[in-house]
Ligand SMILES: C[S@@+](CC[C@H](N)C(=O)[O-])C[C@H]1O[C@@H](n2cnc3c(N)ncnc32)[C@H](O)[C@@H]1O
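Given as structure tokens, the chain that follows is alone and in the form predicted on its own.
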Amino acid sequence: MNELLKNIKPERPEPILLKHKPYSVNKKTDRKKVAEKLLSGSYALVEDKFPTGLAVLAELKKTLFGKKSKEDFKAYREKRTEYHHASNNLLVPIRKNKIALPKAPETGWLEKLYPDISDFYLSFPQVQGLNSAWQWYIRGIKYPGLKKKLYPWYGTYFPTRYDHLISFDKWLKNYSGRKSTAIDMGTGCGVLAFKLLNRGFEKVIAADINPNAVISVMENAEKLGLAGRLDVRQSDLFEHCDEKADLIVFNPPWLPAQQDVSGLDSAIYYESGLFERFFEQAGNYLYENGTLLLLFSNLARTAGIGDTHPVEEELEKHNRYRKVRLIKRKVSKPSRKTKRRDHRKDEYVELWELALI
């Protein structure tokens, strides 16, 4: 691990330190009563076994959603927000950087992310998130178009659906422009950056505001032997970029935020002004004959949470870029095993190829 990597401080779930002992929960505690306390904003602490927490969260979901719900996407998301706030009031004890409950999963993130503290509390969903992220980190993910797996760090966005990656692969295969330098803006786990390197770009700048994404991409670049051609930077858009590129790739969030977002939510929901800032800055870092490529989706429209389209708005309101082509791809159907609502049945992913005017 190089010196730059050591100096980056990763984001982590904030340790919870309580002055007063929270409401105690075990398998005999009335789960409906616990759910009510969580919804009222009170903390509750699981004190016997890890599965007790799972049972409490199941009761909380039942309280909020019922057995079946037919709300539209917006109403469903509002209930998800309420669930998020309430579920994070259910606490798990951490002792010596281990989950101090029988039948709890093992996660190496507790030692990696908390070298400065060993005894504290985390919310149950945070612990679940750490465990899930640890499994991805240990097993790795095989993406189409990459020969080797990527191992994403905790708190790093990585795609779990590949339609936009397939569109990007097809476009990149036919790309005939210069391959001196490319910028992967908002790189996440770096999948697009590694694809660019595999397609012959001499240098790729992978930028992300998220320090965990920077650590993740740097680690994977070392594993893949690509660190010499990949320049990873922590940057708010082009804040720390100082050179021009033949190709700028941007795979932004696809849904407009309805409230303040942070963490991984900022990779899914875009706040007001993001696209305006991006388009205003991008032209300064693109060679005259360069290409600006955006991967987007009509999901906001199909889900009924927004009619505006940031790329279309840019082309209509400003005279900075022209559309070279727009490639659309119908998204694949979700697995029959999934229990989530399918708000994507009419969705297609979009690949926008733009050039400077």
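Predicted model, so just to flag it, every value in this text is computed and none were measured. Note that residue numbering follows the sequence shown and begins at 1.
Another form, the form predicted together with the named molecule, is not on view; read the next lines as being about it.
- Residue contact check for residue 100: none of its heavy atoms lie within 4.5 Å of the named molecule in the predicted complex.
- For residue 187, a non-hydrogen atom is located within 4.5 Å of the named molecule in the predicted complex, even though that partner is not displayed.
- In the predicted complex, the named molecule lies within 4.5 Å of some heavy atom of residue 192.
- Contact check for residue 251: a non-hydrogen atom falls within 4.5 Å of the named molecule in the predicted complex.
- Relative to the named molecule in the predicted complex, residues 157, 208 and 277 are all within 4.5 Å by at least one heavy atom.
- Checked against the named molecule in the predicted complex, the residues 146, 227, 237, 257 give one hit for a heavy atom within 4.5 Å, which is 237.
- Only one of 197, 267, 130, 247 lies close to the named molecule in the predicted complex, with a heavy atom inside 4.5 Å, and it is 267.
- The partner is not drawn, yet in the predicted complex one stretch among 134 to 142, 101 to 109, 86 to 94, 178 to 186 has residues with heavy atoms inside 4.5 Å of the named molecule: 178 to 186.
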